[in-house]
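Single chain ahead, by itself, as structure tokens, in the form predicted on its own.
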Amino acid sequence: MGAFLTWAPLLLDALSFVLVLALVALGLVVIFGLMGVINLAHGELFMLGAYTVVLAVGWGVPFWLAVVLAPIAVGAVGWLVEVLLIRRLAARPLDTILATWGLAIVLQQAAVLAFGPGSRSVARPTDATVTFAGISYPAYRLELMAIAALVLVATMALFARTRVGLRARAAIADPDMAAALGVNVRRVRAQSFVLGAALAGLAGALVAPIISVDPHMGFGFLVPAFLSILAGGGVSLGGVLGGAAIIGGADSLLGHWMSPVVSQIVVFLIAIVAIRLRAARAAGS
């Protein structure tokens, strides 16, 4: 019983990190799967979601309303980025990578100018704890996990069971044929970028009360998100959860027993092993 009481909070912390990481990675998958764009500014969209909550709560907006506003605001930023930048470089993948890298730097420095280089914090909407099986756990973290899980399921259902998802899958499989059948491929791609940005913004908003909000926070989620996609088998929506479980779970749990540098090295090694095993399985089949 003592071991269970010790391990349960750690496992719940790891689960909350996995679900948030899956939201960030799912946004990357949506953008890459529909557009073939590797968005190196995705971490900064995550950061913008967190800063949206910081600003909104500072102006007296209720926390949960601020969480709703964050993906809307970041989605609007994503639309501008798609129209002004991505759309003009869509046929040049390397230029897109460089452009989004430059955009990431611009957004970081804009955050430094607007908020300063230091970190900000947001009060949790509740300090209540939930007690079950002798374990006390913060209620907000449970709410965060529930919201993240619902959004992940809803996003996957959107692509699997709706006409919007059908058009998106058609645009992925054969853009020319989809266009010939009346699918507005350009609109579908723009919508995908907006959705991916909104998912990153929502993830940033949800974690704002439990981590420090600073201009460089996005990088700490961007790299694990990319590793989750690779470990999960590429652009499969379902694979995102498996990859996030491997990378996020390992990162969260190892961080309790190792220094940050050592834990990151181990996480990278785990990612390499997972990618190699998946490649070997694919070659064998």
Partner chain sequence: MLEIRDLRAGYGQSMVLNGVNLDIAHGTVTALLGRNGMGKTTLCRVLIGLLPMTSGTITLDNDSISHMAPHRLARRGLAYVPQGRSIFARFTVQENLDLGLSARGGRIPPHIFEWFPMLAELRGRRAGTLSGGEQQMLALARALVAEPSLLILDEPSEGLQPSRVTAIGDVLLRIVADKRVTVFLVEQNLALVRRVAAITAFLVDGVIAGGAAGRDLSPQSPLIQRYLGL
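The structure displayed is predicted, hence computed values, not measured ones. Numbering follows the first chain given and starts at 1.
Only in words, not in the display: the form predicted together with its partner chain, which the text now covers.
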Want to guess which of 118 to 126, 145 to 153, 205 to 213, 176 to 184 is within 4.5 Å of its partner chain in the predicted bound form, heavy atoms only?
176 to 184
According to a 4.5 angstroms non-hydrogen atom cut-off, is Ala170 in contact with its partner chain in the predicted bound form?
yes
Proximity of Leu166 to its partner chain in the predicted bound form, heavy atoms at 4.5 Å
yes
